[in-house]
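Shown below, as structure tokens, is a lone chain in the form predicted on its own; questions about how it binds or moves come after it.
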Amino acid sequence: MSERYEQAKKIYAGIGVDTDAAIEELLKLPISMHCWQGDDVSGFENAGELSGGIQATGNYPGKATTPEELMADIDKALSLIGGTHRINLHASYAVTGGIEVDRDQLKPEHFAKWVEFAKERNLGLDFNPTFFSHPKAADATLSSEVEEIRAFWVRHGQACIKIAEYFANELGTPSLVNIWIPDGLKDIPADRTAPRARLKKSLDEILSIDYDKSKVYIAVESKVFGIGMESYTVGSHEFYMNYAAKNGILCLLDNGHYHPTEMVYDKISSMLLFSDKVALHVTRSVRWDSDHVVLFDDETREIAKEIVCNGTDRVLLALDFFDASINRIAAWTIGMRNMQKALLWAMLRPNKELSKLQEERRFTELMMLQEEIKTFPIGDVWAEFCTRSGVPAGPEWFESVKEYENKVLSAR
């Protein structure tokens, strides 16, 4: 241990915080890193441009275009990120060996390479059906009024559950299946109920298949609006929150999918009073769901505080951003490390004492203590966490990314 960490440890002990315990907890806390930052959500289907309200802006050189390149880039990012990890996949990242396989025909064998990759690195895998960037997603998916199209997407959802169950069986850790659809209307709808009734029917059919609920967690993710769907989103928060509660599945909260003045960190405690677990996609929205790289900012820290105070075992945590304007490996690394810094910040707060001050309505003392701890030496505790993880503690990690860019990315 460094002399600076020993000093920080004493300072935090003065307010009743055990820094060693916080580091050990953070080392074990899994964050699911999204594969789609590495290639701007392109996937391996050669489907062309993104659709369904999805946009990745920028054209930074060196984008991964094959499974091998994407896995190598993930490896590079993980070598710079301490702690425990999972990888979050979309169905469009199936490795089919060049054989065209439509999404309703996907099977576990098409993700065997990902399982092999995860096993070798002791990673868990989470999964997302891909309800966008497909000819049958041009108008609507699970809420489609065209029965043939709606049934296609139901089969896709069912196939994804079986693939996630395969992940769980092979890797010995439960897999989260997160359902998000882009369905909606550009202008004011004449009938809001009919599309939602079809979505409900589709979800019922997806959930009707036999699967091991102890190995596969299913979540539904809302969105307030999207490009081309500004006036009406079928999968609203109210729809999914009620559907999840009634059907015993999870509600996933993405902090970019609400009104800019509506904060996800304020929703977590309410959700966990009525659900055993909640799932999160942490991103950074600038004016709208723009999926910027996660920063160590106020919103991220407040989300982390709610995770820590309500129990880290009750929150399934993943990140979701795709910035194509900067080095993609650096984007992963910055976002993941910032989420971990926010979690460490939350773990280093005297949360029980702060709660006690609030309950006793000692608000002056509460404000004083919350402000004083803002300048406590979290950086020295972070450096110790990185040392124990075997990763660089400071900005020197970026030299490794620049070297990788010069030797690998620039040759693509």
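This structure is a prediction, so every number in the text was calculated from the model and none was measured. All residue numbers refer to positions in the sequence shown, first residue = 1.
Although not depicted, the form predicted together with a small molecule is the subject of the following passage.
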Interface segment, criterion being heavy atoms within 4.5 Å of the small molecule in the predicted complex, picked from 22-30, 36-44, 58-66, 354-362: 36-44
The unique member of 180, 332, 240, 111 whose heavy atoms fall within 4.5 Å of the small molecule in the predicted complex: 180
Contact residue in the predicted complex, from 378, 54, 386, 369 (heavy atom within 4.5 Å of the small molecule): 54
In the predicted complex, residue 258 touching the small molecule (heavy atom, 4.5 Å): no
Contact label in the predicted complex: residue 301 to the small molecule, heavy atom within 4.5 Å: no
Close approach of residue 322 to the small molecule in the predicted complex, 4.5 Å, heavy atom: yes
Partner proximity in the predicted complex: residue 90 to the small molecule, non-hydrogen atom cutoff 4.5 Å: yes
Residues 126, 170 and 211 all lining the small molecule in the predicted complex, heavy atom within 4.5 Å: no
